[in-house]
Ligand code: DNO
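Presented as C-alpha cells, the chain that follows is alone, the form predicted alone.
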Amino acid sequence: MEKTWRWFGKKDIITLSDLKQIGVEGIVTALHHIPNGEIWTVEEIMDLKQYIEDHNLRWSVVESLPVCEAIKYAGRERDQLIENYKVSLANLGKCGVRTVCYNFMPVIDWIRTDLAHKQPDGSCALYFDKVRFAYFDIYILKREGAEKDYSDEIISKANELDKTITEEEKNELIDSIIVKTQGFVNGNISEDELEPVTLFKQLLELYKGIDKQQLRENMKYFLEQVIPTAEEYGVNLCVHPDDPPFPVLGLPRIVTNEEDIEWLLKAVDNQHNGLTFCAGSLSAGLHNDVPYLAKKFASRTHFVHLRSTSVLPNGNFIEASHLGGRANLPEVIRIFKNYPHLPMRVDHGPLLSADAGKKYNSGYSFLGRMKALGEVSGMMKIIYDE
C-alpha cells in the first residue's frame, strides 16, 4: 500500500517537507477554499497538484469532494449540483488525480463528544460518550421525539447529568459535536458561527420525512449520474463509511455494515463505484467484523483508512492505538497487501503532550499521526516480508 497523509493545504502548519521526511509517499487533500457545490477548475487543481509534486510527492487522493446536502435530501437544486460535481470529477481525471473519497452522511460528519479525552499515559484521544450524546440531543438540541431513540437507562443517566452539568460543559458538547468536528474543512457549520445550535436544527429539518430507503434512493440517483463520468475520466469514487456506524439524531445512516456496503456497490455495479475502507469507523460498531469486511470488499476498495477503536462495556468508544482495539489492523493489512498501489493513510492519531496547544484539527496532530505511521509501517514491513 502507498503511505499517504491527510494534509489541509498550503495553510496547514504541517508542511510537505515535514511529511517527506517521515516517509510519506502520497498526499490526501482537497481544494478546501472552494465552497461546496462549486466547480473545481483545471487551473485550481493543477496549481495544487504542481505544488505537491514540487515537494517530490504526489496528490494520491481527494478527500473530500463534498456532496452537497441538497443532493442528499433531493432538493430543487440537486441536478445542477450534480452537474457541477461531474465537471469537477472530469477535471480531476484530466489532471491525473484519480481517487476521490466522499461521504453520504446527512448534515453531520464524524461525531465525538470529547475531542481530548485523557488517557492513562497522559495523551488524549477522541471519545464518544452515549450518555453525553443523548444529553446533547434531548436537553441542548431539544429534538422532537429524541427520547424514543435511547434506552430507559441512557435517558435516566442523561436526566441525572442535567443536575450537575455546567454551562461550560454544555458549550464544550456543542463545540465538539457540531462545530469542531464539522467546521474544520468544508463543513456545514463554521467555527465563527454565532448560533450553531439554531443552524444545526435548521439543517436537521431538511431531512424531515426522509428514512433509510429514501436516502438510499437519493444516493443511487447520485451514483447513476456521476459514475459514467468517473468511468470516462478514469476516476475511482469511494464512499466513506458512516462514523459512527449507527443512526444518530433521527437521521438515517446508509453505510454502516456489510448489507449497506453490498447494497451501494450493487446499486451501480461498476468498478469506479467503490469504498473507502475505514477500519476505525467500522470497528466502532460491534456488529462489524472488520477483517471479514476487508476481505469481502477488497476488490472494490480504492482507499484505506487505518485506525482502530475500542468499544467499552457501556457502549462508549474511544480511538485506540493502531496496534490495538477491535479493528485488528495487522489482519486488515495482510488482506490489502495484495493491492500494492492502494493508497492508505493513518487516521485520528492521539494528541501527545508535545503537540498540546498547537492548532491542529481534532484528531490530526503531527506527532500522534507520525507515531501511528511508524506503528503501521512496522506492521506492513513484517507482513509484507511473510
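The numbering used is simple: start at 1 and walk along the sequence shown. Predicted model, so just to flag it, every value in this text is computed and none were measured.
Missing here is the form predicted in complex with the named molecule; even so, the following discussion is about that form.
Figure note: of the listed segments 336 to 344, 48 to 56, 320 to 328, 62 to 70, the one touching the named molecule in the model of the complex, with heavy atoms no more than 4.5 Å away, is 62 to 70. In the model of the complex, the named molecule sits beyond 4.5 Å of every heavy atom of H302. The named molecule is not shown here, and in the model of the complex it never comes within 4.5 Å of any heavy atom of F136. When the named molecule is considered in the model of the complex, C101 lines it closely, a heavy atom lying within 4.5 Å. Among residues of the shown chain, D175 is not one whose heavy atoms approach the named molecule to within 4.5 Å in the model of the complex. This chain lacks the partner; the member of M105, L275, L293, V226 within 4.5 angstroms of the named molecule in the model of the complex by a non-hydrogen atom is M105. Contact with the named molecule in the model of the complex, judged by any heavy atom within 4.5 Å, is made by just one of F222, W110, F128, F200: W110. Along 233 to 251, a single residue, H240, places a heavy atom within 4.5 Å of the named molecule in the model of the complex.
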